[in-house]
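First, one chain by itself in structure tokens, the form predicted alone.
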Amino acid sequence: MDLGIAGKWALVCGSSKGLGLGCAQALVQEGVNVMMVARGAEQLQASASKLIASYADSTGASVLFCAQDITTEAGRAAVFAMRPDFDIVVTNAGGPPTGDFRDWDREDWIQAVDANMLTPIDLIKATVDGMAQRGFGRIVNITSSSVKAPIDVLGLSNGARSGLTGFVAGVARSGLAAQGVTINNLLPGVFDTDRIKTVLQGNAKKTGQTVEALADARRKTIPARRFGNIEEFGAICAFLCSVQAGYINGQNVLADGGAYPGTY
């Protein structure tokens, strides 16, 4: 299927590895020009170079990268100084630490909300009007399956990402869709990324079990009996950015292998 977005410009945050990289790769494969952003310069440059070598020639897509912390005002300013307008924005920031809510102070909450709620809102604010003027725009916020089924040790993430979800529910229905701009949230379950490895390692220390034993137990809770991979996650993101997805707006798209047990 031709997604109809070749030649568009996309900003993909947190794209040096993991889910963000999967999204950047899928978009480049569709001929989308991508600006990759992440904090780690070395990893970011390596990932960008790999995408250029693998896909740029065949698709004609351009791949730029900007080593910045997108959760800071200075980082966002540096990105928009390189390119002010984007047709597609994929917001993504590392999840806050796990733990017991009794141990978190005000600063922990401020950091979580700043990274996982206020940063996406700032990126939406900076780009949607230009999208609307051009008659096309796609914003995909990578959040978490914990928005639908909260996880006790991820209280910081539960709270901050739920705040973003509520904001998107309103702004996506504010008239932007009539101007060709959609805003959706993409909710990953358990994917084979550094994030799940960190969580499993933390649980292993607490329980005395091996990481592999915990991973096997976790896979058994997923109907697909496996963790997701970044390529399939990126493909879902690319579809949400397509012209065919123009009638999907204000939704929370869950990609978790069937793990969520609810009807709705």
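Computed from a predicted structure; not experimentally measured. Don't overthink the numbering: it's just position in the shown sequence, from 1.
If you look for the form predicted in complex with a small molecule, you will not find it shown, but the lines that follow are about it.
*Asks:* At 4.5 Å between heavy atoms, only one of the stretches 129-137, 80-88, 93-101, 173-181 reaches the small molecule in the model of the complex; which one is it?
*Replies:* Selected stretch: 93-101.
*Asks:* Can any non-hydrogen atom of N203 be found within 4.5 angstroms of the small molecule in the model of the complex?
*Replies:* Looking in the model of the complex, residue contacts with the small molecule do not include N203, since no heavy atom lies within 4.5 Å.
*Asks:* Hey, in the model of the complex, does R219 get a heavy atom within 4.5 angstroms of the small molecule?
*Replies:* No, R219 sits far enough from the small molecule in the model of the complex that none of its heavy atoms falls within 4.5 Å.
*Asks:* Consider P120 of the chain shown here, and say whether it contacts the small molecule in the model of the complex, taking contact as heavy atoms within 4.5 Å.
*Replies:* No.
*Asks:* Would you please decide whether P223 lies within 4.5 angstroms of the small molecule in the model of the complex, comparing each non-hydrogen atom pair?
*Replies:* Because no heavy atom of P223 falls inside 4.5 Å of the small molecule in the model of the complex, the answer is no.
*Asks:* Check each of M35, A48, V32, I70 and return the one that places a heavy atom within 4.5 angstroms of the small molecule in the model of the complex.
*Replies:* Looking at M35, A48, V32, I70 one by one, just I70 meets the 4.5 Å heavy-atom criterion.
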